[in-house]
Every structure is written in C-alpha cells, then in structure tokens.
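Single chain ahead, by itself, as structure tokens, in the form predicted on its own.
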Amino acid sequence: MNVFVTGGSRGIGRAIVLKMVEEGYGCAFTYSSKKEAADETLNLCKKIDSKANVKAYRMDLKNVAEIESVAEGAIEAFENIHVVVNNAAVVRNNAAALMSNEEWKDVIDTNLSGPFFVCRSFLLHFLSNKMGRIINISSLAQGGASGQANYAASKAGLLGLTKTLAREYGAKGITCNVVVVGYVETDMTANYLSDKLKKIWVEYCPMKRIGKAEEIAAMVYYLTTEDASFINGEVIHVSGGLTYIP
C-alpha cells in the first residue's frame, strides 16, 4: 500500500507519514517550503525502518500544474498510489470586514481548491485500479470561527467535496471520508491560538485534554485498511467529544 500525504513535513501530517511507515506502507509526502522540516521527517521515517520507501516533494497547493506534475511523479516513482490524504492547510486570520483579498484567496486556494486538484490528479489512476481511498482533514472551525471566515469556509467546503466524491465514485471502489480534528498541539495551534483560547478549548472538551497528532494519524490509518472499506462519505470527529469551537 502506498500513500500520498500533503503537508507531511510537520504536525499532524508528519504523524500520519510516520504512522504509515510504521505500518509498512510506502509514503510520498509534500511540503511547501521548509526543506529542513521535510528532511527531518525523512530521517524519522528511516529510524522507524531503514528500508522505508518514502519520498518528499516540494509542492505549492495554489499551483495546479505543480500539483499535477508531483502527482504524476509520485505515481511513477511508487508505481501505484492507493491512498490520498489531504492534510496541508494555512491560516490567515482577520475579522471579515478587514480581511484582504489576498488573505481570503490564499486560504481558499490552499485549503479547498488545492485538495480538489489533488483528488482530481489521482482519480483516473484510482479508477484504473478500481480502488482508492481519499481522506480529507477538516477542523472544528468548519462550523464557524471568529476571525477565520476564510479558514472556516475552506474547511466546511471539504465536507461538500468529500460527500460529492463519495457519491460519484463509491461504486468504482473509491471511498472518500473526512476527519474533523479538534484541539491538537501542533505548530499551527501553538502560533495562532492564544493561551486564553487554548484554556477554553480544553475546558469545553469533555475529555479535558489536548489531542495528540498520533491519535489523528491512527484514525487516518484505520480508514486505509480493509476493515474500513464500507466507510464512505462520512464525517468522523477525532476531537475528544468537542463538537464546536466555543
């Protein structure tokens, strides 16, 4: 089994890559700019399995031609890709009235349009194999988040994309599901969530703790297995019971 993961150089994406390698999968992952972080992920993979089949690709999710080129290269290098995980995302926070055109477009292009073009780049390959798994990573922000009109819209859009692909291609052996993430300690939450908000999220979470990236990775891995072959078009929360942003 070979997996293609966007944004695999750090945070949840890195945890997903490491889990796949741990389970014996081949893994292609992308990063946007920080090659040192991608190299660190590669080194961690080799510590798990010195013979791990894992490759890093620099890719801009706002560049359709680049997405198609990287997808084609990964299919050629791995001979077969069975699973696509759309994990990469950016935030550009601002109040809606003050949000610039660039802040809106950058987030929508990266977090929503990018995953669509990634899926499109692999769908014909999946159809020829009569099998494929697509897993999109969303956020509790999909239900609305102050100061994040762009991010919330992009993550809500992933639900519509997921359910549409599930309906269009389920009969062809291709499943598509979305994993909704709660408060997980990552670079993004460390940099963009205030200490006050972090405290509120933990207070409202029924489990009264922060999630781990490895817990998200475990769910993503499960969705790649044969045991999950009848799960399609589902919205699966891995949030400790937290269902919205307070």
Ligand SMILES: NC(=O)c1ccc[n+]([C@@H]2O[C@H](COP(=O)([O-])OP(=O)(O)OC[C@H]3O[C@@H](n4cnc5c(N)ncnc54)[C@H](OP(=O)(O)O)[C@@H]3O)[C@@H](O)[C@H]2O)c1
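We number the residues from 1 along the sequence you see. All figures in this text were calculated on a predicted structure; none of them were measured in a lab.
Beyond what is shown, the protein has a form predicted in complex with the named molecule; the following relates to that form.
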Interface membership of residue 221, the named molecule in the predicted bound form, 4.5 Å heavy atom rule: no
Quick one: does residue 26 come within 4.5 Å of the named molecule in the predicted bound form, counting heavy atoms only? no
Although the partner isn't part of this model, could you tell me whether residue 87 comes within 4.5 Å of the named molecule in the predicted bound form, counting any heavy atom of the residue? yes
Closest heavy atom of residue 138 to the named molecule in the predicted bound form, within 4.5 Å or not? yes
In contact with the named molecule in the predicted bound form (heavy atoms, 4.5 Å), from 147 to 155, 120 to 128, 169 to 177, 71 to 79, is stretch 147 to 155
34, 196, 47, 208 - the one with a heavy atom within 4.5 Å of the named molecule in the predicted bound form: 34
Using the arrangement in the predicted bound form, list in sequence order the residues of 225 to 246 with any heavy atom within 4.5 angstroms of the named molecule. none
